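Just the one chain here, the form predicted alone, laid out as structure tokens.
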Amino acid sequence: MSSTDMLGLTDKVAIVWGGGFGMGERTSIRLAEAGAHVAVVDLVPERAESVAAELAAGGAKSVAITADVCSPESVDAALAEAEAALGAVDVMATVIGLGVWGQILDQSMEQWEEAHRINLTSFWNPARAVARSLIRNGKPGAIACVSSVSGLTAAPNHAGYGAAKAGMINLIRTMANEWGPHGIRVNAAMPGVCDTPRLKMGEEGLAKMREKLPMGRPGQPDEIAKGLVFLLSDLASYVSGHNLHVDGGWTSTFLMQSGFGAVEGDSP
């Protein structure tokens, strides 16, 4: 048996929300390498088109779709477009998030709501749309998202982000409970600090991280993508409602994010 056959993703239809950038781009690529047909959804058309073209050049079936995951109507239209092009969806990943920075007393209601819209509603909408499709088609399936260590600990200077990610961790458990009888698994991959295009960390912060973190370095987008692919694959066929730590040992160590200095954009 080949490694791709072991994953059970050959000829499966996957949709990656936020699939044109950072961790999402790597997730789209890894799913295609595993044999899946991939719908690459992104808010920026050029990003989706670039990744879909790369997948097609490698021999995968792929389609680029533009959508706003915070709009239920946009999500429904994107899913319909993906299924018209590739067939009924089997698995999905959302790789969407952004830190909204500032202390609690300095933040506005608009910033609080933005943090939840970008980091929680962005998963709520597509997960429900795909679950409805799977149930309607009588298919088992798998759903995965990117959570964060900020959802497990205090989140100083980005409280809205941390609260939204904590909500996501709870939400995957509830979805796993409600949708499990339909054969739908729901999980999250949880990064710590990841070297995404949005990561901004000074040399002092990097030096402290190398000294204190067990693996001594930030994660790479591809490492988070591999965690998501595992959760979507048959290797995780009895894993549901789980928050998989892909954090280089961050949560096994007694330290605080603020000890690393300014860290911005640990989101996809």
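Don't overthink the numbering: it's just position in the shown sequence, from 1. None of the values given here were measured: they were computed from a predicted structure.
Another form, the form predicted in complex with a small molecule, is not on view; read the next lines as being about it.
Among residues of the shown chain, Ala52 is not one whose heavy atoms approach the small molecule to within 4.5 Å in the model of the complex. Put simply, His37 is far from the small molecule in the model of the complex: not one heavy atom of it is within 4.5 Å. The small molecule in the model of the complex is approached by Gly192, whose closest heavy atom lies within 4.5 angstroms of it.
Although the partner is absent from this view, Arg47 contacts the small molecule in the model of the complex, with a non-hydrogen atom inside 4.5 angstroms.
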